[in-house]
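The form predicted alone is given below as one chain in structure tokens.
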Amino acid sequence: MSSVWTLLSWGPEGWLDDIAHGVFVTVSLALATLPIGLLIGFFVALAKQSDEPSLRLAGNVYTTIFRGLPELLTLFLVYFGVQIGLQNLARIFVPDAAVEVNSFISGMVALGVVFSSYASEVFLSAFRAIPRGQYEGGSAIGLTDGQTMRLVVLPQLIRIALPGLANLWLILLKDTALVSAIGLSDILRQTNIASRVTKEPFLFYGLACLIYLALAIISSFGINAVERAVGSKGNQR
């Protein structure tokens, strides 16, 4: 039986190479998902506070669906549903066509829509916290709607929404573990393989816990730095 230090080493006898790759995949997936979720969430929030009833309805339907479905089910729907849909479409032209959807892209899309549905509520609350007079003041000094949004509203919106978005980032980081269910080699999948091969589940699942906690701590330091930077800019204004 191999020693703990042999198992937790680099090279052919250890598993740190594979687990390090899993960390890279996890962090890459979370970072790739974040801007997609933020962008979609921002526009959904705009739709939900629009004067147009159809936009408000569309925004409410979107958030109700993706906040109501379990994240794992959303992941399966995107991964298998898109694959089946594209395969059926391709077979119209090529009868024996086989389409395989990339699991990283599927995870990014699925986690992105879930993240955006929650982020939209954070943005919506931030929009409502900004007094209406801010918009009217921008119009009074001759700013267009776009300039008012960019120069007046967005700086305040970011400061107000940042704590809520920071919590969502930590949730997103943990939710990346779900992609192991569709075969993506993230932290959980790599430690699961290592635990089954070595018959040391406590060692490797314990290591996975420590890695996720380390990522959360590093994220907390980064979030605090961003909050200080945004707060200092707000004070200068």
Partner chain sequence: MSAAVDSLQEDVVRPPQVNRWTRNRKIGYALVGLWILIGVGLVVYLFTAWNPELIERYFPAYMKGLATTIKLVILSIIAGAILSLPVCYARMSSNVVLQALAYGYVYFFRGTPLLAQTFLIYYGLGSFRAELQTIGLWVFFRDAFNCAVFAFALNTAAYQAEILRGAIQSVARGQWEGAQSLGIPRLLTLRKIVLPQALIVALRPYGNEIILMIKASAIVALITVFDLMGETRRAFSRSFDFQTYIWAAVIYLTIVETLRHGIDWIERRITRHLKR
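Numbering follows the first chain given and starts at 1. Note that the coordinates shown come from a computational prediction; the quantities given were computed from them, not determined experimentally.
Missing here is the form predicted together with the partner chain; even so, the following discussion is about that form.
By the 4.5 Å heavy atom rule, the three marked residues 132, 138 and 169 all fail to count as contacting the partner chain in the predicted complex. In the predicted complex, residue 192 approaches the partner chain with a heavy atom inside 4.5 Å.
By the criterion of a heavy atom within 4.5 Å, residue 178 is counted among the residues contacting the partner chain in the predicted complex. Looking at residue 206, you'd find a heavy atom of it within 4.5 angstroms of the partner chain in the predicted complex. Proximity of residue 72 to the partner chain in the predicted complex: non-hydrogen atoms within 4.5 Å are present. Residues of just one listed stretch (79-87, 103-111, 147-155, 122-130) have heavy atoms within 4.5 Å of the partner chain in the predicted complex: 79-87.
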